[in-house]
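Okay, here we've got a single chain as structure tokens, the form predicted on its own, with questions on binding and movement later.
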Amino acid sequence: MNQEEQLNVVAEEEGDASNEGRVPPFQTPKGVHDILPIDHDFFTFIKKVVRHRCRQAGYKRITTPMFEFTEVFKRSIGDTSDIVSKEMYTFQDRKGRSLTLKPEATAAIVRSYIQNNMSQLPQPVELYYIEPNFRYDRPQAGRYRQFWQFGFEVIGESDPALDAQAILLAQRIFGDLGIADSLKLQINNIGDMASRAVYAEALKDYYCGKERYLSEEDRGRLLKNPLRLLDSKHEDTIILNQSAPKFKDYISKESQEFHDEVLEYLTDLGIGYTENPTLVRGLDYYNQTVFEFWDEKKGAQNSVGGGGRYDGLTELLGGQPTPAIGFAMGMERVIAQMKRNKVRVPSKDDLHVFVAQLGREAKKICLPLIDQLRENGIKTMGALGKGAFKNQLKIADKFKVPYCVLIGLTEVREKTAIIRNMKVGTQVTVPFSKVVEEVVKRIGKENLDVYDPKDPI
């Protein structure tokens, strides 16, 4: 049910006279969603894993603008790709220039590599990103019109060992996220541009006379870019593809040797793989190595990430010929996979202490105490409202805090505070000056969340 239909339902359900003219509650547009705190735990965990693994490998973080000139994507991704032909959010600015919300990051990063003269840096340049992208795609499980991607790019070197290292880095990240065992690496080599042109003609010859079995979409692909037929999701095309000419019979000797070396390194690294001759990826800039990680149970219908070489993209966007390889994964898809695998992520958001008080004088004492507790790494909330201790303890229970600090009229007068263990119901009275020290003992120094702005980011 789309947003308009939902609003109509609301209007019908509330169509009595008393609600005439009432504005229905707003909802998100179709294909976008709120990231609620429970899912932010997953996002935070993924970002932590990604940063750690990328730093180990020497990558630096980059963020490109949310929108680019449309030509950046048309020229790089390809006019025949689904993204350019059907899925881009494109608009004109006040000067009539065509701009597009970023549907993927690689083209924008290569544009940045050229514009910012990164070719003058030590090569290869290793970059990673964590950012939102936008595609007018059909919303379904793990697919959204605004979605988050993590990815990395290695620009400036061509070596089969780099391809193997890129795949290894992706697998290490999936391993840290608890989903590597449920994913299977699919890999192929789609050759250089000359080999692809020869193979495209072979596909045209194969499909000649079989057009009636193709969907309207796939008939268009046959005319514009036959290689995209290998990526088709239509059942009849999938069946025909099983007997279609294979890429490996058309790629050059050099490409085959490059591919064999990549596979040899993967074997040396202990990485299992499936050679998939129909794997092409959905973007026109790919060449040589392409790979994806598939859910073993759902196959291509649930690819959680992939990548490949794009040695001609820099030149295509106006730079010097520069080899490169990259990888990207959809973070919402990864989270869905983690949930299917029942992965529990660690969270540092749970509170340690709730501070309850009675009276204005007690509240005046509590405010600096709360600040001291927080500065010492104790996650604290409190000094809320004017209710009795009983009511405030109910609030503390709802937040599931292990400890409460209570300060009433007697405690203000005697300069003490009560520390209550919420789990067992016991409590002790301590001098006010010892509250922070006593709470730290109970929480444990290893559980404190101490923030130092001078710590490395």
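Small disclaimer: the values here were computed from a predicted structure and weren't measured. Residues carry their position along the shown sequence, with the first being 1.
Below: the form predicted together with a small molecule, not depicted.
In summary, among the residues 78, 382, 191, 326, the only one with a non-hydrogen atom within 4.5 Å of the small molecule in the predicted complex is 326.
With the partner omitted from this view, the residue of 199, 286, 207, 73 that lies near the small molecule in the predicted complex is 286 [heavy atom within 4.5 Å].
With the partner left out here, the small molecule still marks one of 176-184, 357-365, 129-137, 114-122 in the predicted complex; by a 4.5 Å heavy atom cut-off that stretch is 129-137. By the criterion of a heavy atom within 4.5 Å, residue 308 is counted among the residues contacting the small molecule in the predicted complex. Using a 4.5 Å cutoff between non-hydrogen atoms, residue 303 counts as a contact of the small molecule in the predicted complex.
By the criterion of a heavy atom within 4.5 Å, residue 273 is excluded from the residues contacting the small molecule in the predicted complex. Interface residue remark: residue 106 is counted as part of the site for the small molecule in the predicted complex, having a heavy atom within 4.5 Å. For the marked spot (143, 149 and 333), a heavy atom within 4.5 Å of the small molecule in the predicted complex is present in each of the three residues.
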